[in-house]
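Below sits a lone chain in structure tokens, taken as the form predicted alone.
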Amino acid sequence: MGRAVGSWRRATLACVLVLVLVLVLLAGTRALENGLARTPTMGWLHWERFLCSTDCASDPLSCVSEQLFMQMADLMVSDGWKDVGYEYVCIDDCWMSLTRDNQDRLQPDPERFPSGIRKLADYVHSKGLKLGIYGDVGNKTCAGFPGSYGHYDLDAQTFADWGVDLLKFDGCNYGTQDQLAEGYRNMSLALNKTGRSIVYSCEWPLYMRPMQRPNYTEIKHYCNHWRNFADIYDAWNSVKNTLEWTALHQDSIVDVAGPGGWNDPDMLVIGNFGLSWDQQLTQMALWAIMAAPLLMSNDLRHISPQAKWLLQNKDVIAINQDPLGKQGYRITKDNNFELWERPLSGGTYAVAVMNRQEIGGPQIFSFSTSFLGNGLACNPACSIQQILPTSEDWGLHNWVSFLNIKVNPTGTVLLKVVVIGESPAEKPVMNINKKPSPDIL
């Protein structure tokens, strides 16, 4: 009996040791452990507005240089951007020298970044902000500067040593699909190994989708947010196409989004040249509904008070940053109108009515409140607040009320619907796979 008990103990101890070993090994292979991006990232990114401008002699104000990022950091503090949640100042492509240094490390262009990235990061941090930087999974970046292929550990440690807080990792010149996937995984692991908290912004599904369907569960395991669709342009057609792509693919991308990982429809181009006022309202409203990262690409030195008001609108930002972390979705598309909603914390919903018509004047979209929140948003009653284009109190409504909403061409009306009379915990989230038709008048 004693030998039997001893054998049992030895066997049990062996099993425990094996289990511990397995857990250790699994811990070593876990990817994203940074605990960041619990709400969508907010900040400023240079690309759409400033592109790859490197001629500082001819156009010093638009040149991708340390001066540009220091100026933007200054303005983010002095003009209230930091106070409403914008915290990342992000460098995109074209910051590097064309070659690595003699230790094979990435290095900034010495003429445009004479102080180095470490000094720039220190300056940004001194403002209470964070610095983002750009790299590429392949041999070269999209603009032809050195990529990170074969240098993932070295580049991750370099970024950490510089004090970088966010990495936008592009997908140009990557080789095979296997190399693309392995590159994104390896950089995620490499960032974790540095011990520094660095938000990881991927473009993995954007480059994968033409060849195969992305595995969003895996992508979220490795990335904090990820691009799905083409680069945004300062044009209504670009914003409209991004929204349409997102709605057409919402069944495969909405559910995976949440605290720590977000679908990224690309930059906000509000405050530039290509969008009308109504179209700027639409981008801001729908980016909030989609729980998108809010990364502005504009010139904060020359931005209109109107665009600044929109980008700093605290009610819209609160919808975008809602801690429940549910991405919104399109309920219906009826002729020129689209109806979107997003479940928020506390039994609240954000609702957007968008008019895609590009001719004529304002049109009225009428629908029953019973259509919102799978019939529960106003059951038994709700209060409705218009957020955009202006703030207005629409008062109390019930589950059989009809809303008649006038929307300008290419514009959007954004609403906040607060349920009254029932515990929010009893409210299920709408199943986006079921798309009934609203009662349209």
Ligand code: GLA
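Just so you know, these numbers come straight off a predicted model, no measurement behind them. One rule holds for the numbers: they count along the sequence shown, beginning at 1.
Below: the form predicted together with this ligand, not depicted.
Report whether all of 66, 95 and 109 sit within 4.5 Å of this ligand in the model of the complex, measuring from non-hydrogen atoms.
-> Looking in the model of the complex, the three residues 66, 95 and 109 all stay beyond 4.5 Å of this ligand (heavy atoms).
With this ligand left out of view, which of 220, 342, 227, 130 would have a heavy atom within 4.5 Å of it in the model of the complex?
-> Exactly one listed residue reaches within 4.5 Å, namely 227.
Note which of 104, 231, 161, 122 lies within 4.5 Å of this ligand in the model of the complex, where distance is taken over heavy atoms; exactly one does.
-> Only one listed residue qualifies here, and that residue is 231.
Please check if residue 168 has a heavy atom lying within 4.5 Å of any heavy atom of this ligand in the model of the complex.
-> Heavy-atom contact with this ligand at 4.5 Å: present for residue 168.
Using heavy atoms and a 4.5 Å limit, would one call residue 203 a contact residue for this ligand in the model of the complex?
-> Contact check for residue 203: yes, within 4.5 Å of this ligand in the model of the complex.
Look up in the model of the complex whether residue 113 has a non-hydrogen atom within 4.5 angstroms of this ligand, and give yes or no.
-> Contact with this ligand, no.
Could you tell me if residue 143 has a non-hydrogen atom within 4.5 Å of this ligand in the model of the complex?
-> Yes, residue 143 is a contact residue.
Based on heavy atom distances of at most 4.5 Å to this ligand in the model of the complex, which listed stretch, 73-81, 309-317, 289-297, 168-176, is the contact stretch?
-> Heavy atoms within 4.5 Å of this ligand in the model of the complex occur in 168-176.
Can you name the residues of 42-75 that have a non-hydrogen atom within 4.5 angstroms of this ligand in the model of the complex?
-> The stretch 42-75, when checked against this ligand in the model of the complex, contributes only 47 at the 4.5 Å heavy-atom cut-off.
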